[in-house]
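Okay, here we've got a single chain as structure tokens, the form predicted on its own, with questions on binding and movement later.
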Amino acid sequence: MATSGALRIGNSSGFYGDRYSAVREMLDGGPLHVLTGDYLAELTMLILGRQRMKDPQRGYATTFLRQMRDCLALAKDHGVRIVSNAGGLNPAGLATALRELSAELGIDVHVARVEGDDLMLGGWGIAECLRAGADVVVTGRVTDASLVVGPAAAHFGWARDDWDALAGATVAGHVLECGAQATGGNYSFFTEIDARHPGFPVAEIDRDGSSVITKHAGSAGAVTVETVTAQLLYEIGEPRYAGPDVTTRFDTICLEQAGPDRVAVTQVRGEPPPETLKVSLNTLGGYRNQVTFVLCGLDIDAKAALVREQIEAALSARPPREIHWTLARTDHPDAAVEEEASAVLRCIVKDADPATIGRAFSGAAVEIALASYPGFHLTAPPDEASPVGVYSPTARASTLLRRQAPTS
């Protein structure tokens, strides 16, 4: 797969729920060698975990599978390889579903997956799959930039200690990972660009790891030093950006406007990866429920105090483990309409027992409707308790985390 030409990698998803049409937009919009899709985040892993608890065959991003039903033939026709972490907690299940889909559609594609322990990181498993001839590679939880680092390493034949090249690809991957956030989405100076339907970004990566960030011609948004800088600083703490394949020195990055919607990324330096890496754990931490009261007119504080006393009295026989009250004073005097004269009082409860904070809690809020403050009403009807996800970062030895196995 090694070649001396620039590798054009596009992105079509920055999170689970991103623009559905982006896959087709990117495949139709201009030339690409690889199309990536990032579907995973801390909350997503919790959602997929709950799905897999209900059905062991699930645990992957089903949106990606639907997008492939629409666009797999298009990608094959254009010679574009697909690399995505949509496998989530079950890359084997997604790979099987993709093979069944390709057989159903009569499309000859080689699907590979990267297996791990659901905490696996890094780009080398992806690279091995592509070197073996995969048309579609699905992974579980890998670092966001790995979706770009893996294809670049395979394309140029980089070694595992080509620190500067790997660091350059990591920067390109970090710019692409959040999709349209690099092309004007969520941009502070959005009034200066056409931010109505920004196109998704593309990285043109060279053999030395340097790149040009751009987008398909004719797509909206903008690629400027400022929009790229905004994304580069996203979720960055220290100048040394630690990853499983390389530690990237963000204080060496040079950005230069290289033309309309073209930003050159050069001079990136890399160092060996650290001994330990941060991983994210999600566990179930009980249940929660909430009700939101709307307080309108005069005596807002007194109305809030009355409701709080009534609810806590109703729950006193079996109080929840946690109860939190917040009063948002969104009201102001001499308001022209009711909404502008209203404040919002929110009560959130948590407990290990869903029955304690289910209808017993939300029902208590409804029961005082005609026996509380004047103008009583809620923003939504009573509901059952829902599970609470607990996020906790920890550190694992990087040598263990790099034990990936590509599977055809």
Partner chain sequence: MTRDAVSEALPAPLEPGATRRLPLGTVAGARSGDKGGTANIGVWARTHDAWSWLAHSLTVAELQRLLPETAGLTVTRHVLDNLHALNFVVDGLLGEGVASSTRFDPQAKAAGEWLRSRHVDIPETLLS
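None of the values given here were measured: they were computed from a predicted structure. Numbering follows the first chain given and starts at 1.
There is another form of the same protein, the form predicted in complex with its partner chain; it is not shown, and what comes next is about it.
Contact annotation: of the candidates R288, R207, R269, R308, the single residue with a non-hydrogen atom within 4.5 angstroms of its partner chain in the predicted bound form is R288. The single contact residue among M53, L43, L378, A355, judged by any heavy atom lying within 4.5 Å of its partner chain in the predicted bound form, is L43. Residues with any non-hydrogen atom within 4.5 angstroms of its partner chain in the predicted bound form fall in just one of 311-319, 189-197, 211-219, 73-81: 189-197. Under a 4.5 angstroms non-hydrogen atom cutoff, its partner chain in the predicted bound form lacks Y20 among its neighbouring residues. Looking at Q181, you'd find a heavy atom of it within 4.5 angstroms of its partner chain in the predicted bound form. Residue contact with its partner chain in the predicted bound form: E238 places a heavy atom within 4.5 Å of it. Using a 4.5 angstroms threshold between heavy atoms, D261 stays clear of its partner chain in the predicted bound form. Along 249-276, these residues reach a heavy atom to within 4.5 Å of its partner chain in the predicted bound form: F250, D251, T252, I253, L255.
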